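Given as structure tokens, the chain that follows is alone and in the form predicted alone.
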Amino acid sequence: MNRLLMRKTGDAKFLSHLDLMRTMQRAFVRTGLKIKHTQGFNPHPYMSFALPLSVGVESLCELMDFELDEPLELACIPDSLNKKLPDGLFAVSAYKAENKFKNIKWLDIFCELYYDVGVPECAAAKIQNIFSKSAVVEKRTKRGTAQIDIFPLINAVKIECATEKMLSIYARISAQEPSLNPGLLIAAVNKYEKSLTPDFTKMERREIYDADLKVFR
């Protein structure tokens, strides 16, 4: 199996997971790269993404596995794709996959919390305190909603006052089994320190790791 490392930023962050799959399929077709398909009446391309990204979240470390119908020098693929990809999608590198997606355990997330009238006093310390102990929030599931404690799903977190109107959250959170949606970090702020609810937020996935905290590629 081959693997592609990508960035998804800017307007591309508004692409849903299905839209991203379709976009990549079309990009391969336009470059003349033939993706291998399954056999049968309804063939599907051998293409899959690790950790589907929530709409509105940027990422510097999207991973996509794919197979081609014929051998090709993988180092040439990113340049070919980047000529056909829309703004915000950028192929960084292509290589042979040696590790399975199921071995991903942690990911780094960077959040920016904006306050129109300025960051409230002691906000960084108060938010840091939220994540230093049990914090139960509501999570949407396929069966409805559930209450989960996000504290066990956070490996590390650091809050900083970056500017007069912006706080930053650097967090290493569980990527899967179970996963922690980074939006639940903001949900915890809304629940436990309502006065610190931001007027606007930005989120970016920065890196992914295995269980030993080694960068996953």
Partner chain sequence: MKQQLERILQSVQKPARYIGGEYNEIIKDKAKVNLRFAFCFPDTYEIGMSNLGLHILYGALNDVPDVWCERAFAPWGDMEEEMRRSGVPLYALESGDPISSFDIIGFSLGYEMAYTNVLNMLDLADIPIRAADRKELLPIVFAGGTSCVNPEPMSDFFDLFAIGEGEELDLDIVNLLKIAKSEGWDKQQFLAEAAKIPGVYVPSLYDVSYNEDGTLNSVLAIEDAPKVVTKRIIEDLESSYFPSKTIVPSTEIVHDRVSLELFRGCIRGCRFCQAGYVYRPVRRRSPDFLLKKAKEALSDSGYEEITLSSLSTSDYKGLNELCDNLIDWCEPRKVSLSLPSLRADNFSMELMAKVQKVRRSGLTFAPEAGSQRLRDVINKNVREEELLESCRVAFEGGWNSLKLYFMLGLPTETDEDVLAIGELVNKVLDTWRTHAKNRSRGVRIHVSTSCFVPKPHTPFQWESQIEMEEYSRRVKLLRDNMKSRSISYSWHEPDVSFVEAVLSRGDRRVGRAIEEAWRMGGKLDSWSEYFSFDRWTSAFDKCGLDMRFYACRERKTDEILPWDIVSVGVSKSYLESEKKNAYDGIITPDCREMCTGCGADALLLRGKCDE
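Residue numbers count along the first chain shown, from 1. Every value quoted in this text rests on a predicted model; they were computed, and no experiment measured them.
Keep in mind the form predicted in complex with its partner chain is missing from the figure; the text below concerns it.
Residue heavy atoms within 4.5 Å of its partner chain in the predicted bound form occur in exactly one stretch of 135-143, 81-89, 120-128, 99-107, and that stretch is 81-89. Contact annotation for Glu73: none of its heavy atoms lies within 4.5 Å of its partner chain in the predicted bound form. Under a 4.5 angstroms non-hydrogen atom cutoff, its partner chain in the predicted bound form lacks Arg206 among its neighbouring residues.
When contacts are judged by a 4.5 Å heavy atom cut-off, Arg22 counts as touching its partner chain in the predicted bound form. Under a 4.5 angstroms non-hydrogen atom cutoff, its partner chain in the predicted bound form lacks Leu51 among its neighbouring residues. Between its partner chain and the residues Ala187, Val157, Leu68, Val29, the one pair within 4.5 Å by heavy atoms in the predicted bound form involves Val29. If you take 183-203 and check each residue for a heavy atom within 4.5 Å of its partner chain in the predicted bound form, you get Asp199, Phe200, Thr201, Lys202, in sequence order.
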